[in-house]
Ligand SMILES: NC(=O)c1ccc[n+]([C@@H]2O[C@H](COP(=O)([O-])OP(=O)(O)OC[C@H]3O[C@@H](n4cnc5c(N)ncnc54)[C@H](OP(=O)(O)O)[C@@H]3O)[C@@H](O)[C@H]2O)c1
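Quick heads-up: it's one chain on its own, the form predicted on its own, in structure tokens.
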Amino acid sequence: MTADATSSTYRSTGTSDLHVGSLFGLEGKVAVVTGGSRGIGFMIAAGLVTNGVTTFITARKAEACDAAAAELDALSDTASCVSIPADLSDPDGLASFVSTLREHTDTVDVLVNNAGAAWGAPLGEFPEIGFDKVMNLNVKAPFMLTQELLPELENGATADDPARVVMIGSIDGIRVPVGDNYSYSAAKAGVHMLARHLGAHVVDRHITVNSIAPGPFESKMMEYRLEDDDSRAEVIGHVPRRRIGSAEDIAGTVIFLASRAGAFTTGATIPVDGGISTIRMG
């Protein structure tokens, strides 16, 4: 292709600004991050607030949620962080969260469904509650919250700048986990499919839906695996990148999906796992 032809192709896309600030800028947007008081949720919320996104976080424990919001709020002079504690696995808790959110905003540009739970028990001893709790919070709650917030997601969405829903799945929803977290792996695989299914039904409403499949990160859920040097070294030894994930890794992926750069991506599951999903068996 000649230089003139390349230039013509570029112009035909209608693209006017490929600068980083235009591609990835989020200033002035409004986001909701569930499970935002700690772990991956806190990392994501920190990335959003730092980049000028007014962010509402929720978690079951009010004191922890309020404290996290205060810490996040101090990260930016142009955006705030607001705590709305709620148990999203409970219908009344979800309804209370949505009602309180609507007192603050009628628009949600970015919804990050991150809140989750895990349960482990040997096969033959796995209790029914270990499925009910995990499925309710990890699969049902994100679906119900997304459904409830469709009006707010649509309010600010346009063809060029759609609203974004980001589901936080897990690498354990892609590979067979080492442990006995049966309901967790099933739920996270469900989250990945739910994102694709939802994405197909809301794409014409200018809403994209994607999922992220994280590997090991510093979190309450991973605490027992990272609590001492030997356990941490074992976990890191199974990661091709030879480290666990950082705030920059997970927040950066959400920022991509929430920005102009990610506006044409929907129904995708993105592993942020240091290469775990690429390991060959045998």
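Each residue number is its position in the shown sequence, starting from 1. Please read these numbers as outputs of a predicted model, since none were measured by experiment.
Missing here is the form predicted together with the ligand; even so, the following discussion is about that form.
Of the heavy atoms in Pro216, some are within 4.5 Å of the ligand in the model of the complex. Residue contact with the ligand in the model of the complex: Asp87 places a heavy atom within 4.5 Å of it. Under a 4.5 angstroms non-hydrogen atom cutoff, the ligand in the model of the complex lacks Gly47 among its neighbouring residues.
At least one heavy atom of Lys61 is located within 4.5 Å of the ligand in the model of the complex.
For the candidate spot formed by Ala115, Gly169 and Lys188, every residue has a non-hydrogen atom within 4.5 angstroms of the ligand in the model of the complex.
None of 175 to 183, 102 to 110, 147 to 155, 79 to 87 except one has non-hydrogen atoms within 4.5 angstroms of the ligand in the model of the complex; the exception is 79 to 87. Of the candidates Ile40, Val53, Ala69, Val254, Ile40 is the one whose heavy atoms come within 4.5 Å of the ligand in the model of the complex; the others do not.
If you take 122 to 151 and check each residue for a heavy atom within 4.5 Å of the ligand in the model of the complex, you get just Leu137.
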